[in-house]
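Below sits a lone chain in structure tokens, taken as the form predicted alone.
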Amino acid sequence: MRIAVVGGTGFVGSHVVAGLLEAGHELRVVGRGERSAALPPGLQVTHGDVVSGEGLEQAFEAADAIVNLAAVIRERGNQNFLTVNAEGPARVAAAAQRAGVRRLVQISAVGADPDPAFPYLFSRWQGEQGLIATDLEWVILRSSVVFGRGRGFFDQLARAISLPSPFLVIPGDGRALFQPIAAQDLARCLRLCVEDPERARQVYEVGGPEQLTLEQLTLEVARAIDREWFGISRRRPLHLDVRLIRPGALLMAKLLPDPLVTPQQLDLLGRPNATRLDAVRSCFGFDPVPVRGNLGYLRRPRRWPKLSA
């Protein structure tokens, strides 16, 4: 199949592109082209902007299917929840219709909900509605947090743990629930959504085989990176009220291009990020790998975050 992958240069996108290529598909990676991407030989970024819609129709010409991975978890300029997460999928769908492409697979998030009290999840729900309203052969794949090589949630958590401190600082009570799925397993689920015409107009939720709290995940990452602080290798968790962390998160969001945490991410701790434990097995017929014992890729030198210019 000829597949256009929107947002294929990001963390999840790199794994999706690799999986689709391995399965023998012909790919076109679509993005704004504002950052360099380590794409496989023979692939280049074709311009297409989900915020303005510019270039999307041309990028989708002659495609058999479209995969839309474009999303933001932190807002920056015109790349925000409204323009990318909420309105972006509708722009992609409209361009697909004009280009004559029927199949569109959209990555969304577990917990997508019409409650505006959680802006990120609300924007994901709005994006889904923009697809459901069309007559396309859409498929929506809602994912829990993803682990694997690249700058994702777990890399961010490892960076925070690597900061010099005698404690492992955990926002809130640490009971926020997650169900991490490996990037290559998510990519496999997505490939099956693209290839199987019987999956049209379905919404799937996927996660890994374990449900872990934020505290458990923090301890897993700490063990994986094995980072000491003045000889203290087994640092104790320190729970801080989210209200005490929020001012620092606001400051980082303003000063850092890649903040360790944002206020919106703190808000998400109020909602579980989990689905059925057998979700992948029951919907896609294979067993995903657990996060425990599979975070060794995090052991590498880390840089301190740089201030914005």
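Residue numbers run from 1 along the displayed sequence. None of these values were measured; they are calculated from a predicted model.
From this point on, the text means the form predicted in complex with a small molecule, which you will not see here.
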Out of 25 to 33, 245 to 253, 57 to 65, 280 to 288, where are the residues with a heavy atom within 4.5 Å of the small molecule in the predicted complex? 25 to 33
Of the options L131, A222, V146, L214, which one has a non-hydrogen atom that comes within 4.5 Å of the small molecule in the predicted complex? V146
Any non-hydrogen atom of V261 within 4.5 angstroms of the small molecule in the predicted complex: no
Given that the partner is absent here, does V17 sit within 4.5 Å of the small molecule in the predicted complex, heavy atoms only? no
Wondering, does I107 line up within 4.5 Å of the small molecule in the predicted complex on heavy atoms? yes
Looking in the predicted complex, any heavy atom of Y120 within 4.5 Å of the small molecule? yes
